[in-house]
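Take a look at this one chain, the form predicted on its own, written out in C-alpha cells.
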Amino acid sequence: MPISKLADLYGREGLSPGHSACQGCGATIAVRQVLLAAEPPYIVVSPTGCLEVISTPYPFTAWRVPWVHVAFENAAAVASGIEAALNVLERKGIGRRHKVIVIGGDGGTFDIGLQALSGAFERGHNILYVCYDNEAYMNTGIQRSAATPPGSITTTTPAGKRERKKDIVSILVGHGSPYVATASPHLWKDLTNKVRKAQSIEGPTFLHIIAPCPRGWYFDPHLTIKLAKLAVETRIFPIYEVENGRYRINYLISRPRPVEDYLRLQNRFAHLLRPENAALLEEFKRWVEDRWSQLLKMAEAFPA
C-alpha cells in the first residue's frame, strides 16, 4: 500500500501495526499513545531494546515517522546532536523545527544510557525523553535492571532482587529539568496531556511510563492494562509530575488497594506471598510506603 494511503488509514499513528511485539506488550501500547499525542513534526531516536527489535526486523520497519536506531548507551547523545543540527538549519532558514523524542526502555535509560541522558539534561538540550519501563532487560533474557523492583525474580536474581528501584525521576529533577512526569497507559488522557505539555516546554523533559511485560512479569497477556492500573492503585507506581521543581500528584490514592492484589497476578513475585517470605513482603511494602510518604511531603511543600 502506498505511504500516502497508509497516512489516510492510520492518521497520526507513528508506529504501524506491522510489528512483532509480544501479545499484550505494554511498551507498544504506551509508545502508540505517546506518538498519537505528540504534535508533528518530530524525530524519534531509539536505543537498542524491545522496541527496536520488534519494530525493525530487516528489511522491514513499522515506523511511519523519521526514526533513528542507535546503540544502547548513546540515545540521548545522538538526540542532542540531531537537536543541535536542527537548530543550525533553522537559523539558516532551512526546514521546519522538529521536536526530538527519545523512546527507550529502562535498561537503556536507568543503566546503560544514564551517562548520555545525564549529559543531555545537564546541557539543556530541547528533547523529550520517554522511558517505557518494563522493569528488566526483557529483550536479552529478562535480566534485572536498576528499574527492577525489590523482590522481583529475574534470570539474574532467581531468589528475588534485593535492591530498591532507582528513583529516576528525582535524578532528572536534580538535573534541573523543567518538566518530569510519570504516566500509565490505562490513564491515557493523563498520558496524552503530559506528552503535549512536555513537548511544549523548551528544554530537556522526561516521561516515565510503566509498561507491563507478559513474558518478563509472567502473566496472561490480557491482564496488561489491569496490571498497569493496579500498579497505580496500590501506590507502587505513583502518577505525578514535577514542573520547575514543583511536585504535583495527578492521581491521589487515599485508599490504596492491597499490594498483594498486584503481586499475585505475576509469577515474578509468587515467592513473596509464601508464609516463609513474610519478611520480604514487608520489606516490599515498606519500599512502597516510603516512596509514597516522600512524594506526599514533596507535593505538600508546593500546594496547588
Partner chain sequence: MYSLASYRLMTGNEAVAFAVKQVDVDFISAYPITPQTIIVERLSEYVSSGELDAEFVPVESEHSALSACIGASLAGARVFTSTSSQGLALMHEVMYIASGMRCPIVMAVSNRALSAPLNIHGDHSDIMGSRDAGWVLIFCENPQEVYDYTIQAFRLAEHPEVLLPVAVNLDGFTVSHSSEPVAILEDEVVRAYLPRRERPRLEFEEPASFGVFALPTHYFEFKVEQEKALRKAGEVLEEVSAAYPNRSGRLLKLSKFNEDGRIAIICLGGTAGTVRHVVKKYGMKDFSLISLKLFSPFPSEELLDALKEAEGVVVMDRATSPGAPLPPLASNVAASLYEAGVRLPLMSVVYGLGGREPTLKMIVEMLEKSRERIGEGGPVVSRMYLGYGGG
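Values in this document were obtained by computation on a predicted structure and should not be read as measured data. Numbering follows the first chain given and starts at 1.
If you look for the form predicted together with the partner chain, you will not find it shown, but the lines that follow are about it.
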Non-hydrogen atom within 4.5 angstroms of the partner chain in the predicted complex for each of Y251, A279 and R286: no
R257 within 4.5 Å of the partner chain in the predicted complex, heavy atoms: no
Non-hydrogen atom contact I82 with the partner chain in the predicted complex at 4.5 angstroms: yes
Close approach of H271 to the partner chain in the predicted complex, 4.5 Å, heavy atom: no
The partner chain contact at I112 in the predicted complex, heavy atom, 4.5 Å: yes
In the predicted complex, residues of 51-71 near the partner chain [heavy atom within 4.5 Å]: E52, V53, T56, P57, Y58, P59, T61, W63, R64, V65, P66, W67, V68, H69, V70, A71
